[in-house]
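Read the single chain below, which is given as structure tokens and is the form predicted alone.
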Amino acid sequence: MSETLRLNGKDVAIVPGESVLELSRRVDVEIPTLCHDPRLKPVGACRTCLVEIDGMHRLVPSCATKAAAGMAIDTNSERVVRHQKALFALYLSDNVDAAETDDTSAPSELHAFASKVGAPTTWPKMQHKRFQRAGDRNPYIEYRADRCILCARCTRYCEEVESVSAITLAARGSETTIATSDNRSLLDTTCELCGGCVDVCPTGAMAEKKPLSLSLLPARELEKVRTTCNYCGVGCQMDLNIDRMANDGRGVVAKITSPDAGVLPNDGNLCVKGRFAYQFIDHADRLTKPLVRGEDGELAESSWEDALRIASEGLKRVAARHGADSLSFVSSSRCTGEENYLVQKLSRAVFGTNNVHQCAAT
């Protein structure tokens, strides 16, 4: 029989090793958190996930507290709610107004949670002292210090997931900021420009440069479409963020984001190509229809049905004249594993030859 604890007055079974935060999320009890990411070690830095546990003198961080049998936990007691309102009000006093977060960067988790808990928005604003890397010539990532809350999700991700440590917390006290070694451009550091820091940032302090340069109006809501990255055969999942009003109503990909952690096979991570190299989608030189060489020797647009028929007939003629082993099939490393499987099936089962290769040799 599994052990249980009391969560907001209800008995809940415990999964060995899980934290109070993980347990709460498993049973759909929301606890606000700004510094937590399931891929990172819990640090309890933001203090937004504090809960009240009977017998403990102070509120404790749910992300860093292991669930134990017999605990009586309250996530929305009067004490917890009072703490949340005061804490988020302090965060807001050192951050941009909600209206300034309405752009093409990620939505501000800070302002969303502050609204949910009913945090006061009238507290006096403090002038932040964090410096930023003005004029960083890297083409992808922008750091906006006025939105930073020093949750360190970006620096921890860079160290714990990417093992790169290109960015770090620098300076002390109210001047603490996100910096690089000698405040150099990311291009002059160990940064791989994977954009993971942009993905994990809860406030939009780490942002992607290209969407910001588009200056999309707040009314231009971006539609997310889940797809598979085609830069290699791993099959990483990613979300196309599409502005349906752009390109004369045909839509344009404004940016690419990664799914939540836990979505396989990439667990919410992307490389520099997957996250930033999407300009080919609307490039003027991109082929969008098959080309077939006519009797005049020139390539002309064709339908997919005709192109596939002509290719099939040509392959069958060669096999009939010279044998199946006169054919060979080469698949792209940009195809998924499933697509590469189909190519080898076509080669071996349909045409009867083992002359099949994939350029990544996977």
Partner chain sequence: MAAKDKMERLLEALHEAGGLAEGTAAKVAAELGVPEAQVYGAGSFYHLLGSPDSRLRVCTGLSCAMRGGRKLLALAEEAGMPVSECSCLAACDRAPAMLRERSVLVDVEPADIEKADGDWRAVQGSELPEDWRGRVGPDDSELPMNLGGAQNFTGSALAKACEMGAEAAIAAIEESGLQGRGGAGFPAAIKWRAVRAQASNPHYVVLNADEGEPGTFKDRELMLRRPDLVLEGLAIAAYCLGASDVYLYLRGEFRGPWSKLEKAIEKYSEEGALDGVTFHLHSGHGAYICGEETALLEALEGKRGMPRLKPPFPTESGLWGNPTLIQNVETIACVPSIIRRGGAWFKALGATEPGTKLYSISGDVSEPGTYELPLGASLDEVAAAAGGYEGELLAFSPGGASSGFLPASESGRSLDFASLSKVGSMLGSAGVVVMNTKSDIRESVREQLVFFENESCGQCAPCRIGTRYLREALDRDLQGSPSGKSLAEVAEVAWEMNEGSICGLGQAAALPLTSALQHFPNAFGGEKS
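On a predicted model such as this, the values are computed, not experimentally measured, just so you know. Positions refer to the first chain, counted from 1.
What follows is about the form predicted in complex with its partner chain, which we do not show.
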Only one of 199-207, 234-242, 253-261, 146-154 has residues with a heavy atom within 4.5 Å of its partner chain in the predicted complex, and that stretch is 146-154
Partner-free chain; cross-checking its partner chain in the predicted complex, the single residue of 76, 228, 266, 174 with a heavy atom within 4.5 Å is 174
Answer key: of 134, 291, 126, 281, within 4.5 Å of its partner chain in the predicted complex (heavy atoms) is 126
*asked:* Contact check in the predicted complex: 39, 107 and 141 versus its partner chain, with a cutoff of 4.5 Å between any heavy atoms. Do all three pass?
replied: no
Quiz item: Can you check whether residue 273 is within 4.5 Å of its partner chain in the predicted complex, heavy atom basis?
Solution: no
Review point. Looking in the predicted complex, any heavy atom of residue 47 within 4.5 Å of its partner chain?
Key: yes
Should residue 72 be classed as touching its partner chain in the predicted complex when contacts are defined as heavy atoms within 4.5 Å? no
| said: Within 4.5 Å, heavy atoms only: does residue 97 come near its partner chain in the predicted complex? | reply: no
Across 169-191, the residues having a non-hydrogen atom within 4.5 Å of its partner chain in the predicted complex turn out to be 169, 170, 171, 172, 173, 174, 176, 179, 180, 181, 182, 183, 184
